[in-house]
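The form predicted alone is given below as one chain in structure tokens.
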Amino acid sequence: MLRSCSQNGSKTLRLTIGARYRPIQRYHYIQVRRVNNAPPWRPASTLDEWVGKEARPISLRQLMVFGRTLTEARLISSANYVRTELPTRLAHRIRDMQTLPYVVVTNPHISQVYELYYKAFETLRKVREIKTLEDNEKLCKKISQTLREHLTVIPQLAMGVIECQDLMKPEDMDKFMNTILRSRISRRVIAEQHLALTETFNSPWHFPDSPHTPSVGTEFVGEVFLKCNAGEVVNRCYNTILSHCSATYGPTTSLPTLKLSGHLDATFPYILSHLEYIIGELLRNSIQAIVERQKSSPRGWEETPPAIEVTVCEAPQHVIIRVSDQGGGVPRDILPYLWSFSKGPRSSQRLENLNQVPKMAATLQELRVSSDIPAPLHASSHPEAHERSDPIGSGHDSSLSSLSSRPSNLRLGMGLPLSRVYAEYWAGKLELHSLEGYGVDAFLQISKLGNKNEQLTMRASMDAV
């Protein structure tokens, strides 16, 4: 872990290995420091104090119960939870980045993320206890600004780990990415949930005796969709991805149809954008694989492309979604790196593509055929969400997806690993089985009851220095 020994760094830098220090002369690093964007010196005592605090994980059920009956006291309680929880979780991830090799931290992309995290940490840790609604409004402005600034984090991290892939073991780099992205999801969840609850509280319809109470809005508590139907989500995602692929491949390309079966009436509480992203990535991969197999075959498909089969299975505690295609399976050279953020045979192409994505919210809604075609999924394909986007909505339309966009045909090489991070965040699973020469079966398992805590990495093993 990199720590400065003095504010002007006049003599030495210390690299901690375990609990032992090894002094290194400053002139060994001065040229690197000028070439790369090394993080500036900061006192470690403040960060140490926050790293010493434990994150307090939450469940979907807690979010639902807490936000269903919203009062001023509950809103202020939510504000104080966010006020202390965000800097705590940021502190742990900053410490994780400090434990990376020095040459990795000085990568310009990693260094930029480090500075964004430290800026957010310093801003949020200084917020005093929330006591009034006016205090809460000020907090919400700071949270919103931080969320907008952090839209650059995912592409910057992805480019950084690709450029540093030979400087760390692949398994260590992927573990770092998994942890930091999971933590990013957790911070967005609690931040956007509080922003949505604040918007709900400020709307007249949330009062029990209000004549403006909408029937659809009650299906959402903040960002949590109480009755998420897997079949409906699959259909909406398929139609959205199909429209993107039609525009990408042209009207002459035959695209696979969707065959949906199983327990289509099963419902469960979930954050809709998470499920849409996972399902959207699985369907997009399937459609692209089938089209490419069709183009690579001399005769193509004899009639029409084989359908993508999606089966929904409802168990007592889980809902399982299987996505099956006949796209030929995962190429042999890619299969070992299927879940890796850093390694793979197409790293150079991924890096080139990531340079075209300055911001990324990791939502299906930000996919665009063209940057000048606004086509958010919630507003166009989901009538319930469309109703909630009017002035009496509960804040679900405040998603950051409207502030970022990326071409739908641009392959970034992180759709599957990021989908698994989303799935595992709420104690779910995402597995993929490839049959070479035939196709792929993907299995998504979701907790049906909403009683599983978010899966966080509380503390890195290297924190106890």
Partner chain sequence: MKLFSRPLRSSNRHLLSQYPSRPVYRTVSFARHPSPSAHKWSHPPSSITIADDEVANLASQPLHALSLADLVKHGRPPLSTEALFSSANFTLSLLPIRLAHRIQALRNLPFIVVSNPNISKIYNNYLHSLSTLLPYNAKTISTLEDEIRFTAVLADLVETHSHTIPTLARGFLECRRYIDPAEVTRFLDEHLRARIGTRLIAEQHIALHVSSQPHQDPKLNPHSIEVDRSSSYIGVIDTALQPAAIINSCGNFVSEICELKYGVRPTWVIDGEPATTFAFVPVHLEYIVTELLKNAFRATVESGRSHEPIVITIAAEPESTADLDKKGVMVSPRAEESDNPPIRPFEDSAPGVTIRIRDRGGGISPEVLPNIWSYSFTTFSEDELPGQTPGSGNMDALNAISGASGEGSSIAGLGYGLPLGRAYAEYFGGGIAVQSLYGWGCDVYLRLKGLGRPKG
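Just so we're clear, the structure is a prediction, and the values are computed from it rather than from any experiment. Numbering follows the first chain given and starts at 1.
In what follows, reference is made to the form predicted together with the partner chain, a form of this protein that is not presented.
The single contact residue among 156, 324, 78, 193, judged by any heavy atom lying within 4.5 Å of the partner chain in the predicted bound form, is 324. Proximity of residue 231 to the partner chain in the predicted bound form: non-hydrogen atoms within 4.5 Å are absent; the residue sits far from the partner. Looking at residue 334, you'd find every heavy atom of it more than 4.5 angstroms from the partner chain in the predicted bound form.
Contact annotation for residue 438: at least one heavy atom lies within 4.5 Å of the partner chain in the predicted bound form. When contacts are judged by a 4.5 Å heavy atom cut-off, residue 433 counts as touching the partner chain in the predicted bound form. Heavy atoms within 4.5 Å of the partner chain in the predicted bound form are found in exactly one of 255 to 263, 162 to 170, 120 to 128, 277 to 285, that being 255 to 263.
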